[in-house]
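Next up is one chain by itself, shown in structure tokens, the form predicted on its own.
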Amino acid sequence: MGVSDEVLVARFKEGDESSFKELVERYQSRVYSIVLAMLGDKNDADDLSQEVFLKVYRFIHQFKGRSKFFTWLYRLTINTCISARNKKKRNNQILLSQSFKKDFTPIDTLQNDAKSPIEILQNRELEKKIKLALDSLSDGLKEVFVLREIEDLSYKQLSRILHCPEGTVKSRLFRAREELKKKLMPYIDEL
């Protein structure tokens, strides 16, 4: 097994730039997938993922080690996503500036398994409905859903990242699932 996150963080704080590079390589795909799931736009996800790691670089000295590094990193990622969404809202920009991106990972398999043009169209429509439903969730519900269902984090990890009890995490996840189910049920019944 490689060097632990804690050792890499300590080395980076001491001036070892290669340790930072290793942290980026270790977490860049996970950060990107969270950002993409939260924002839904590949270009925004590219830019914001870089912004997250710039913030890590600038603020690593504030990481005290009271939690695991990935907990701090995920919290930083979620906060960066929420700030970006709020900034877009303030600028009256539409969050859904493009149609649903084909490479939204959790839904990709729907298109890959389609056999006929009708199935492909149905799958694309379902992707759009899922994306719209996910985007309609409040930030709190969306973040817990993304981190649990897409990143597959445990309730304990979510509790640490979100700074709330596991019961609250489970409650938010239940509400997120129920809202998504309610919003998607009419469409799924049509299939």
Partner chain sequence: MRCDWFKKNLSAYIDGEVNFLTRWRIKRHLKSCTDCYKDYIRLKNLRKISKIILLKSPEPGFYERLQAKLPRLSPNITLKKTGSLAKFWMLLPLPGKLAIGGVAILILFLLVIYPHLSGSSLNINKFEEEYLRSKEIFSVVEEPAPPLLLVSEER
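Here the rigid core means the biggest group of C-alpha atoms that line up within 1.5 Å when the two forms are laid on top of each other. None of the values given here were measured: they were computed from a predicted structure. Residue numbers count along the first chain shown, from 1.
In what follows, reference is made to the form predicted in complex with the partner chain, a form of this protein that is not presented.
Undergrad: Taking 39, 70 and 73 as a possible spot, do all three reach the partner chain in the model of the complex with a heavy atom inside 4.5 Å?
TA: Looking in the model of the complex, the three residues 39, 70 and 73 all stay beyond 4.5 Å of the partner chain (heavy atoms).
Undergrad: Is residue 61 near the partner chain? Define near as a heavy atom within 4.5 Å, in the model of the complex.
TA: Contact check for residue 61: yes, within 4.5 Å of the partner chain in the model of the complex.
Undergrad: Is there any non-hydrogen atom of residue 154 lying within 4.5 Å of the partner chain in the model of the complex?
TA: Judged by the heavy-atom cut-off of 4.5 Å, residue 154 is in contact with the partner chain in the model of the complex.
Undergrad: Residue 150 near the partner chain in the model of the complex, any heavy atom under 4.5 Å?
TA: Although the partner chain is absent here, residue 150 would touch it in the model of the complex, with heavy atoms inside 4.5 Å.
Undergrad: Do residue 135 and the partner chain come within 4.5 Å of each other in the model of the complex, heavy atoms counted?
TA: Contact with the partner chain, no.
Undergrad: Verify the C-alpha shift of residue 151 between the shown form and the other one: is it 2 Å or more after superposing the core?
TA: Residue 151: C-alpha displaced by 2 Å or more between the shown form and the other one.
Undergrad: Residue 13: with the rigid core matched between the shown form and the other one, does its Cα shift 2 Å or more?
TA: Stays below the 2 Å threshold, so no.
Undergrad: Please say whether, between the shown form and the other one, the C-alpha of residue 24 moves by 2 Å or more once the core is aligned.
TA: No.
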